[in-house]
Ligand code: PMP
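Listed next as structure tokens is one chain, alone, in the form predicted alone.
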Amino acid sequence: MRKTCDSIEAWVRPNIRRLKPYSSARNEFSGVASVWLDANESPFNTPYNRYPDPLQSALKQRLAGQRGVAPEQIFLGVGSDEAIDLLYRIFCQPGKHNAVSIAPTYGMYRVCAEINDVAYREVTLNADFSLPVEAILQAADADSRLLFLCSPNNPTGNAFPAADIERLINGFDGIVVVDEAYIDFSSQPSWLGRLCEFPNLVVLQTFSKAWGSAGVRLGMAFALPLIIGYFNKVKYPYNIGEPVQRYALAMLDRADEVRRWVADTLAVRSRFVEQLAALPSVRQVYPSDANFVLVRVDEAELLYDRLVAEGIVVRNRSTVTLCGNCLRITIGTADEMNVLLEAMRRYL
């Protein structure tokens, strides 16, 4: 079904369409005012005495050039989680609409649904962690507003084929969210290059993973300007602080260094997977397009507890759909992975 801007407007909650957002002089007089006496700020402790740019214009301009999109196609949030929550608040009427996703996947899609009183419909992946495209489409109905696809997926690590995702974007009568938190580690191209083809597509990315900035809490959403306009309408006025904006601008100057970090991570991942697969009680190491691997072992609970006793924390995913006896292991430094392997050899 062909999606249009009129379709998107129709999916937005009526109260959000009518909403008059908070008005800020930082928006109204940016670039023309030199004396700011409107916001009851202190005149001391420059530059942190002033409220930050509510639309992060300088940072978006830099990001736009780096990512090949327009500044008007970018939303910046407190991690990707803010964008996820805003999508529910923009498109889903509590107690009426629903969201569709896959299982297993990133847990905040469900948490945000429950916070917003939105029904959450899970469709289990195929046994090989591939997308059950037809089952996903069949799970949707006239009240389905959001479809979340994490690719590369967490915790499985695999990136989904573009053809499958495209079928879902075209077939789902609502907003399709492709969460690319781990895209920098993947051989698959980002969906940013095709953003203008699909009016109902939202792409999420983050500074938390490849950019080594999880502590800063800065996420990105990319979409048509119409959708980004609603993000900006609903978000809190000054959601991204001045120190974070300055930090992110500085990080963008380190793009070559970040690429080296990614290359190092992929090299360590490759060596680690080879050594991990040789351990006698490891049943399967799943292919990964991310900075982690999912591994199935004989007794995951026991191994997890023993590793914790040695001060080594991985993620036990044994209770997650399709992940019985599985641990998710983040790729750290070569030394860290060697410490983990030595500990695992003592118990496997």
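All values derive from a computational prediction rather than experimental measurement. All residue numbers refer to positions in the sequence shown, first residue = 1.
Keep in mind the form predicted together with the ligand is missing from the figure; the text below concerns it.
Checking 80-88, 158-166, 258-266, 117-125 against the ligand in the predicted complex, the stretch whose residues place heavy atoms within 4.5 Å of it is 80-88. Taking A181, I227, I240, A248 one by one, only a single residue has any non-hydrogen atom within 4.5 Å of the ligand in the predicted complex, and it is A181. This chain appears without its partner; in the predicted complex, the one residue of S208, N98, N232, S186 with a heavy atom within 4.5 Å of the ligand is S208. The ligand in the predicted complex is not approached by A140, whose heavy atoms all lie more than 4.5 angstroms from it.
In the predicted complex, the ligand lies farther than 4.5 Å from every heavy atom of R110. At the 4.5 Å threshold, heavy atoms of R194 stay clear of the ligand in the predicted complex, well away from it.
Among heavy atoms of C150, some come within 4.5 Å of the ligand in the predicted complex.
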